[in-house]
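What follows is one chain in structure tokens, specifically the form predicted alone.
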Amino acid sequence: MKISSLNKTCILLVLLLATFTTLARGQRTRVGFYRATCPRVESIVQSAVQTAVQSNPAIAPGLLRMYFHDCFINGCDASILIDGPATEKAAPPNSLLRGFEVIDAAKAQLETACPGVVSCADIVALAARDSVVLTGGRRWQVPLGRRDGLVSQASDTANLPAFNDSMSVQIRKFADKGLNSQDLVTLVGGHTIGTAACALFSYRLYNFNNTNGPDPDINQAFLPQLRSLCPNGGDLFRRVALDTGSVNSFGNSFYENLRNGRGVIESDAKLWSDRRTRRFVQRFLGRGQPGSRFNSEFGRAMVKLGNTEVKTGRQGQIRRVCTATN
């Protein structure tokens, strides 16, 4: 049966419409998104972050963790910023995060410079990048154009990677977000800056897996140091550097510590002890310039994470304040 010219035209139009619809739904972020509508967005966010980090270096890892924790729950949509007793911000995994006031300060300045234009989600993404740069990491271009989410539920934080997750669980959680094992090892490298509370790892020091002994993955020479910082029955809120000797300096020394049995958190230590991820750790410790390799890979992985389940176009909204929906 022959198809008339008119029918061919109709079919072609339908296919084109379907293609455009798919592209619209699959819209992604892009570098320079605010070039015409808010050209000073990056400098405004950078200034707010720089002022805060100069006053309190602990803000830098806080902003980096904030981005990760936000993106891992329903995409990078600033749902972690919403106030309320049952929101993500109030959930235990996020209770010790720092830097919320920095996002609020940047948002206030942006609402003066270009009201109703820049999303809180994009501010979080820029602040994470700027925190890395301010601590010695390499700058990367941040694609923008995210929209802010409308839902924030504390129960959703159960999907966040946990300090005691097995490697199989970690790999599955990352895979659920479209991230592979290389992305996992790279992004966890963000622990090169920042600290963890004794409550998250003291069980490794005294009674690992109900053995009444320490985790065998801990270097025996490192164990007394950790025990002195986190004595049995001591202050569980005391903070300990995740990357010994490099708490405020971004680089690949985190992986050196993992190789040497000096990983503080159990899930971090498993990156070296598990063969599925060790080869990626070794890549950041290999010949040439492994630190440079880690820096470039980290920016790539951050961009990939930032486009996971991203809301763009007409999805979500641009919040007037970051702590509440419009």
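Numbers for residues come from their place in the sequence shown, where the first is 1. Here the structure is a predicted model, which means the values were calculated and not measured.
Missing here is the form predicted in complex with a small molecule; even so, the following discussion is about that form.
Engineer: Each of Gly75, Ser119 and Ala324 within 4.5 Å of the small molecule in the model of the complex, by any heavy atom, yes or no?
Structural biologist: None of them does, since no heavy atom lies within 4.5 Å of the partner.
Engineer: Please determine whether Pro161 contacts the small molecule in the model of the complex, using a 4.5 Å cut-off between heavy atoms.
Structural biologist: Although the small molecule is absent here, Pro161 would touch it in the model of the complex, with heavy atoms inside 4.5 Å.
Engineer: Can you work out whether Arg262 and the small molecule are in contact in the model of the complex, taking contact to mean some heavy atom pair no more than 4.5 Å apart?
Structural biologist: No, Arg262 sits far enough from the small molecule in the model of the complex that none of its heavy atoms falls within 4.5 Å.
Engineer: Against the small molecule in the model of the complex, would Phe284 count as a contact residue? Criterion: heavy atoms within 4.5 Å.
Structural biologist: No, no contact at 4.5 Å.
Engineer: So in the model of the complex, does any heavy atom of Trp272 sit within 4.5 Å of the small molecule?
Structural biologist: Heavy-atom contact with the small molecule at 4.5 Å: absent for Trp272.
Engineer: For the chain seen here without its partner, which of 75-83, 219-227, 142-150, 181-189 has a heavy atom within 4.5 Å of the small molecule in the model of the complex?
Structural biologist: Among the candidates, contact is made by 181-189.
Engineer: Please identify the residue among Ile123, Cys71, Val102, Ile193 with any heavy atom within 4.5 Å of the small molecule in the model of the complex.
Structural biologist: By the 4.5 Å criterion, the partner-contacting residue is Ile193.
Engineer: Just one of Leu110, Leu134, Leu205, Leu242 has a heavy atom within 4.5 Å of the small molecule in the model of the complex. Which one?
Structural biologist: If I apply the 4.5 Å criterion carefully, the residue I get is Leu242.
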